[in-house]
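Have a look below at one chain only, the form predicted alone, in C-alpha cells format.
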Amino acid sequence: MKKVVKFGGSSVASADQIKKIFDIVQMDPARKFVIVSAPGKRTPDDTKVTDLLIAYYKAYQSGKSVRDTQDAIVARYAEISEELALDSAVMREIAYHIHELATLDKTDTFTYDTFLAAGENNCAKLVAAFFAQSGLDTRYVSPKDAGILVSEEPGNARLLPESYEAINYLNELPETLIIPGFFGVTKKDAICTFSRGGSDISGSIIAAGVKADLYENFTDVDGIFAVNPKIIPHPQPIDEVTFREMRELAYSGFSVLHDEALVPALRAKIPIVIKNTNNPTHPGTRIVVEHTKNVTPVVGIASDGGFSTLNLSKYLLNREVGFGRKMLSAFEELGVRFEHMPTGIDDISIIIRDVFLGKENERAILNKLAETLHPDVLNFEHQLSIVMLVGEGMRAHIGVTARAAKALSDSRVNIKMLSQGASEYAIMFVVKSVDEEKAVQALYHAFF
C-alpha cells in the first residue's frame, strides 16, 4: 500500500496541529508522500499566512512599508518553530526567504505567484525539520525537484503531461517526503501557482505521478456532508461519493476539496479519502470511480452565489446558422469564460461567474452582440445563485426533477432556469441569491 497524504491550512496552523500530523504520518508507514498547505487560521478571527502574503505583495508593489507584514509572517512561523523546539537555523532560513521577497522584480509576471508560494514552501521546510527532529527519516522536496512542471499561466497553472514521468522518480527516495503544495515551476524555472486552494491539486498530481493506492486529504471535518452545515445543522454525512458527483458538488460550492484536484486522481483511478486531522480514526468520506454501495437518488446538494446571466432573445433565432458561435466569440475575444448555456428555440442564456465578468466586459459584450446579432432582447441579470442537486442514482429514479420543483414551489422559490445534462446525475437550478438558502433547505428536506 502506497499513500499520498495532504494536510490543509488548519492542519498546519499551529505547533499542536503539526504534532498531530506527525502522529498521523508515523502511525502508517504507507504514508510516505506528504503535501502541506500554508498555515491557516488558528481561530475564526485569525489571518491565514497566504492572506498576509497578499498584503505583503500589495504593500511592496505600492511602495509602502513592508515591515509590518514581514514581521507578521515571520512571527507566525517563529511561534510554531519555538513551540516545536526546532533548531534556530530553520527559522533563520525562513526569515531570510520572507525578507528576500521584497527584492523581486515588481514587473515580473510571476512575482505575485512567488510571494504566495512562500506560504507553502516555508511551511514544508518547517514540517520536514520537525519530522526529522522527531526521529522520522525525512526529506524536504521542492516542487521543482519533485518534477512538478507547469504551464506559464500565473495563478492558474496547469500540469504539463511530461511531469508524471519525472514525478515517478520520487518512489526511489527512501525517506518520508515533505512537499509544498499549491505551486510548480515553469520550463524557465519561474514559480507558478495553481488556483487558490491548489494544494489539493498538488496532492492529486503527486498521487497520480507515484501511482499511489490512495490519496488521503486531511482537513478539519469528518468528511463530506450532504449539504453545507451552515445552512442545515447536523446534515447527513456522505460515506461514499463518485468522482463525477464530487466534481459537481465541489464546483457548485463544496469547499472541502478543490474541484480540479479530482482530475489527476480520477485519470489514474486512485480513490481519495477526506479525513479529519483532529479525528484521524474516523473513516471519513471515500471518493471512488464507481459506487460500491446502494445509492440514493440524491447524494448531495450544493449551492454557490455570485452569478449573472446574459439573456438574449431573437425571433427565428434557430434558423440563423452560426448564431451561437458568433455569440460566444464575444466572450472569447474578451477572455470571459462562461459556466452554463441553457437555450430555447428563440432564446439563449449564458451563465457567468461575476468574478470573471466585470462592468467593462459587461458593456463590451452588450455592445458587440447588439452590433453583430441585432437581438430583440439583450440584457444582463445579476444577483443570482445556482443550486445543484447531485446523484448518479437519479438515472434509475423517475420523478426526481418533479419532486425538486415541487419542494421549491412549496417554499415559494422561483426557478429562474433549470438545466440537466445528458448524463442525468446533476440538476442545476438558477434562483435569486436572496432565495439560495431557502432553496437548499427545501431540497434537503425533500430528499433527506
Ligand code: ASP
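A quick note: this is a predicted structure, and the numbers were derived from the prediction, not measured. When you see a residue number, it is the position in the sequence shown, counting from 1.
There is another form of the same protein, the form predicted together with the named molecule; it is not shown, and what comes next is about it.
Contact here is defined as any heavy atom lying within 4.5 Å of the named molecule in the predicted complex, and by that definition not a single one of F22, R31 and N217 is a contact residue. The single contact residue among V390, V387, A38, A404, judged by any heavy atom lying within 4.5 Å of the named molecule in the predicted complex, is A38. Residue G198 is the only one of G209, G198, P180, G300 with a heavy atom lying within 4.5 Å of the named molecule in the predicted complex. Contact with the named molecule in the predicted complex, defined as any heavy atom within 4.5 Å, is confined among 79 to 87, 282 to 290, 168 to 176, 198 to 206 to 198 to 206. Among heavy atoms of E248, none comes within 4.5 Å of the named molecule in the predicted complex. Put simply, E120 is close to the named molecule in the predicted complex: some heavy atom of it is within 4.5 Å.
Residue contact with the named molecule in the predicted complex: Q70 places no heavy atom within 4.5 Å of it. At the 4.5 Å threshold, heavy atoms of K416 stay clear of the named molecule in the predicted complex, well away from it. In the predicted complex, no residue of 354 to 369 lies within 4.5 Å of the named molecule by any heavy atom.
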